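Here you get one chain, nothing else, as structure tokens; it is the form predicted on its own.
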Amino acid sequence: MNLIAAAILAPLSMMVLILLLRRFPAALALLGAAVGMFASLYLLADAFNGQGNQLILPGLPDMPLRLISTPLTALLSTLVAGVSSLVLVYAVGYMKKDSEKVRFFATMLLFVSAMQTLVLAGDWILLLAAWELIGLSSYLLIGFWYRRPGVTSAATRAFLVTRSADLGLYIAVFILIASAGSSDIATTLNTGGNAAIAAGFFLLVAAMGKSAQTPLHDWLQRAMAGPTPVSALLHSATLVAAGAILLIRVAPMLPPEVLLVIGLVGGVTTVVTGLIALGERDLKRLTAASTSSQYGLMLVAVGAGVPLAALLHLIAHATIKSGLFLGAGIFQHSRNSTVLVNLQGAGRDRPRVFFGYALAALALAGIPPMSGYFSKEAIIAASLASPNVLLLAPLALAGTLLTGAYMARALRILWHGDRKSHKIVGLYWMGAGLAGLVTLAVILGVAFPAIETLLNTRLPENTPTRFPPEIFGLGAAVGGLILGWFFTARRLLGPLLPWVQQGFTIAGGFDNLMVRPAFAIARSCERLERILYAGVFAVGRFGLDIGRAVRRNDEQGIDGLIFSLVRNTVELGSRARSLQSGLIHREMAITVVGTALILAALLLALLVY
């Protein structure tokens, strides 16, 4: 079997088997994830050896569907497979007492298969299909516990916000295919001029929706209603990563003006959502706000013209963030809550878990020698080397400072407090998944030079400052950690705290500015539709009345006259026929009478004239 097909079909086939057998869902899910991971690793090994793979499938006329394994797509496929496999290991323990394991693991495998299709897609049509499928899968997973209050509304909000932004992707794809005359992604990247500018902005809209960038960031924090493994997968290497992956893949096509806007959107997001994370009162929501902030940093790197820096941080962040979510899930099981007040001292309950969580937190903050340090350094170097350094570099440094502050705050709250021992079912599975991801978060930085060689590109080496970017990045990270550990959120944010805790809502926020107006427009459209329906119905009823009148007139008037004429003609014919008796003397008599009548008529006419 083609390795590309194996990476996609392995989890998909196990999903089908789980739904058919309704037994052993966890074991089948792990098997599907493992086979898919081995296929992705083989693709990556081939990429290092300079070999590529391609699978062409029937599609639209002159637009076949393509699955391709390039160095970039093979690397992303391996990332998706590796993170999802460890998250599924964790999920075996997390879902041990849940009665809906079949539905859970089947949907998770569908999600993984859809994401593999997206990263390996070589044409826009297939990418669109995968993009839609991950949206549907995320809706099903966020709403997994649909019987709980607020879960369905959170899932619906996530689906509607991302689906609305997806219109940008559809328009961009239409522009690119129309301009290039092909649906092949590599071919469309040669597009230039106004088409590239327009497509770039629409692609940014789509990426903002999926990667929860300001002002579309609110849905991601509400998505915490789903199980913790869902949150870990969504926020690391799948749904939320899709937006950044999209911009990284199309970066060679993007004009400078589009890159500047992308960088500014990312920079504003990393600061806004970083402040929200600093003021959060719930551990999972804090981690979710952090996700938006970190993807904002990736957009800063793309906007600075160095997509490699964004890719490195995407890889590091995937392992770090999934580890943070898995750790938060164990603390949640320990205290039956994710509210920070209730989690005080939870780290003392599980010191090994806290140690792993702390390593992931320090990696996210950018402390060496962990992977986050190297990826943050790359982003800061990219911003310093950018022509827009005065706009992008301060935002990148502010985002790095805030990362250290909110992670140190979370660590302080988890460690300071009383111990409350509580048995956790399935802890060994959960701990194994967490340990694997934390290990990757710590050591992946050493693989970054090999990734640069694989992609045949290099990070910026020269910056316009006298100090290397490591000094700026490490200083911001350490400063943030000190501030978050020694100062409370109230002291750090001051009068901003209430505004931050409301998500920086302006005039009622997204609900008032977008949702309620949209519903008002929908209600107005419904009323207009009802009026139009009533008008159409009245016109139709009037038309039917006219039709009935015409029918009556036709049946009783014209038809009656015609039928009467026909009857009279038939009767006259019958009477005339009775005269043809065949008797000669009678015929002679009729002839004489007729001749006399004609002569009388002629004489009368002569007398008159």
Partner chain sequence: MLPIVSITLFLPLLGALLVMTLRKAPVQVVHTIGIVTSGLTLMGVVRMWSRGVNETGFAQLEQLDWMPSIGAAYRVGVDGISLPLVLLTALLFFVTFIYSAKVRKQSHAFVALMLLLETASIGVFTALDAILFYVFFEVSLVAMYFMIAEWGHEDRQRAALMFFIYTFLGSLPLLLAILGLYLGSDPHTFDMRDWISNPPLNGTAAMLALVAMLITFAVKTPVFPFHTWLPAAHVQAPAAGSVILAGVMLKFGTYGLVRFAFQMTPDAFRDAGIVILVFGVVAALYGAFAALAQSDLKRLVAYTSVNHMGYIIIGVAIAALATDPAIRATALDGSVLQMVSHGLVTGALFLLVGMLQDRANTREMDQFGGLLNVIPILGWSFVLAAFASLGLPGLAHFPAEFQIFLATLQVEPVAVIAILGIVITAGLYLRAIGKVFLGEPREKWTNMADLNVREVLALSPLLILIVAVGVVPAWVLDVIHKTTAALQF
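Being a predicted model, the structure only gives us computed values, none of them experimental. Positions refer to the first chain, counted from 1.
In what follows, reference is made to the form predicted together with the partner chain, a form of this protein that is not presented.
Just checking whether Leu440 would be counted as a contact of the partner chain in the predicted complex - the rule being heavy atoms within 4.5 angstroms. Heavy-atom contact with the partner chain at 4.5 Å: absent for Leu440.
How about Thr152 - does it come within 4.5 Å of the partner chain in the predicted complex, if we only consider non-hydrogen atoms? Contact with the partner chain, yes.
Determine whether any heavy atom of Leu167 comes within 4.5 Å of a heavy atom of the partner chain in the predicted complex, and answer yes or no. Flag for Leu167 set to yes.
Even though the partner isn't displayed, in the predicted complex is Phe355 close enough to the partner chain, meaning a heavy atom within 4.5 Å? Taking the distances in the predicted complex, the answer for Phe355 is no, it never comes within 4.5 Å of the partner chain.
Contact stretch among 87-95, 335-343, 239-247, 153-161 - heavy atom within 4.5 Å of the partner chain in the predicted complex: Looking at the other structure, the answer is 153-161.
Site test, Phe201, Ala450 and Glu452 vs the partner chain in the predicted complex, non-hydrogen atom cutoff 4.5 Å: Judged in the predicted complex, none of Phe201, Ala450 and Glu452 sits within 4.5 Å of the partner chain.
Answer with one of Val446, Val536, Leu496, Val425: the residue that has a non-hydrogen atom within 4.5 Å of the partner chain in the predicted complex. So the residue touching the partner chain in the predicted complex, by this definition, is Val536.
Which pick from Leu459, Ala186, Leu359, Leu136 sits with a heavy atom within 4.5 Å of the partner chain in the predicted complex? The option sitting close enough to the partner is Leu136.
Heavy atom within 4.5 Å of the partner chain in the predicted complex: which residues of 115-148 qualify? Result: Ile125, Leu128, Ala129, Glu132, Leu133, Leu136, Tyr139, Leu140, Tyr146, Arg147.
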